[in-house]
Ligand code: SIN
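Just one chain follows, in the form predicted on its own, and it is written as structure tokens.
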């Protein structure tokens, strides 16, 4: 489940064999681990390693379209945090562009996660310490992939993750437990503006799978899993809609989300939408 890659530069060119290994492992459901790739903070940015930079109303500080949300900072400090997050997002985009063969990758939200994972209280559905696949309640993906790049910028503590079994094995267990889909619900949510566009059947299935596995206490306790530590100064990359994962502990992580079409993949049959269509016998998008 973990593929370690000897990458220490944010931009290529990268060796052809390394690139082939990276895309093959990624699409087969591995977490790409970059132990020698660090996102270095400037001295002026190190004060941002403080949970107090969050306003406490959300798990993460987010950056989208040049604006940050959920931060307690204002004025010049807010601008400096925005610049740090933008620099990280640009670095991550350079690496994804040069390492992977995808021609069209959409850079989406950037986030900073300054709050310690342990000790937080959330409902089970919102608790990222439970194994889950990523699915967006308000942003229908309609089969598009969710690719996420992470960096541990904590000065002296690892980021603790847990990853689960392969997506198809998981789907075979949980898909039969998903209830019927009511098409009118997706139409209503889209019409009212609750979702950014209408959910497809794929989106409804992924959200149901996300919720069902989080609510299964027995699976969370006894299901297949591997625990991983990402040390300070390391990065990792994962298709988070495919890999069951949980953030078990740590603070001060940066994350960049990317979206891409299934047609960009070298092995599109491994995409969750293709797996679920094969298992359900239905067209989902």
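Numbering follows the first chain given and starts at 1. What you see is a predicted model, and the numbers here were worked out from it, not measured in a lab.
Just so it is clear, the following notes concern the form predicted together with succinic acid, a form of the same protein that is not shown.
A heavy atom within 4.5 Å of succinic acid in the predicted complex is found for exactly one of 91, 109, 144, 132: 132. In summary, among the residues 68, 38, 32, 247, the only one with a non-hydrogen atom within 4.5 Å of succinic acid in the predicted complex is 247. Succinic acid in the predicted complex is approached by residue 159, whose closest heavy atom lies within 4.5 angstroms of it. Contact between residue 165 and succinic acid in the predicted complex is not found at the 4.5 Å heavy atom cutoff.
Residue contact with succinic acid in the predicted complex: residue 204 places no heavy atom within 4.5 Å of it. Within 4.5 Å of some heavy atom of succinic acid in the predicted complex lies at least one heavy atom of residue 150. Just one listed stretch, out of 239-247, 215-223, 23-31, 45-53, contacts succinic acid in the predicted complex at the 4.5 Å heavy atom level, and that stretch is 239-247. Taking succinic acid as positioned in the predicted complex, the residues of 94-130 that bring a heavy atom within 4.5 Å of it are, in sequence order, 113, 128.
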